[in-house]
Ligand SMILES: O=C(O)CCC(=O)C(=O)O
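As a starting point, one isolated chain is supplied in structure tokens, in the form predicted on its own.
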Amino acid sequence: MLNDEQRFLFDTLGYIIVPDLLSAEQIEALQSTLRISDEKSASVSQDEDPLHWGKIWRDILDLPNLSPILEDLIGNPMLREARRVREMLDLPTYRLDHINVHTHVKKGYEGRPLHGGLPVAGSFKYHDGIFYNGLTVVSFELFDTGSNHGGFACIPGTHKANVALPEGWADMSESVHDCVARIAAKPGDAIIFTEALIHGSLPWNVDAPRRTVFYKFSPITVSWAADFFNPIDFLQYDDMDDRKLAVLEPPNARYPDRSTEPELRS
């Protein structure tokens, strides 16, 4: 799960950077199957949804170097323990809410204003050694994003803020307040952040395009998107195992011994 440094940084800043989370081969697979920008919430019965673009997009549902981190940030420790005691199958205790893909960010892009924060876009709590996060984002960078290029920015620590963002700070197209952190990342790095963090996109000012993939996860009982994934839509793929299908379940308590739809493949 999270190491001690990551745990401290996420609690303090509201985000962490996981370097080299994707391999060069995985980056190439994403780039070669990338289609168009997908800014809608998931409507997964449609063929254009990213999870239908190729195996790599489904592999991201359960990466061995990412899933334990997500379990620590948004998983349900009581459910994990109940399953362990009953010697049940080890399934993720969080769900994929929706996916966004950015292919439209080119030189001259004005950025996106600062947004998020409590309680509109997310939730955050840390109590007795356990994280309680709402919508949580994994941002995979497919191209270099230098701190002066543009791209992801945030105000660290605002996932715990009690005061609204001052008027005029949100728009970053003309000027950026000194408190805004410019977060650099290289291809394969992942920026993981809570939607309770105030964040946005800086103007893009280099010739190379920005290509970013956002997988947005929620606790198992919570949904942000209006449409839910349906695991049945993905039974056609041999690469979909029980863990990946579980990540795509609609929001529900997932208490032990309940019936599942579809039936587990094990």
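Note that this is a predicted model, so its numbers are computed, not measured. Throughout, we count residues from 1 along the sequence that is shown.
A second form of this protein, the form predicted in complex with the named molecule, is not displayed here; the remarks below concern that form.
Between the named molecule and the residues 200, 219, 203, 231, the one pair within 4.5 Å by heavy atoms in the predicted complex involves 200. Think of it this way: in the predicted complex, the named molecule has a heavy atom of just one of 149, 95, 83, 112 within 4.5 Å, and the residue is 112. Contact with the named molecule in the predicted complex, defined as any heavy atom within 4.5 Å, is confined among 237-245, 211-219, 25-33, 61-69 to 211-219.
Contacts with the named molecule in the predicted complex, taken as any heavy atom within 4.5 Å, map within 171-197 to 193, 195.
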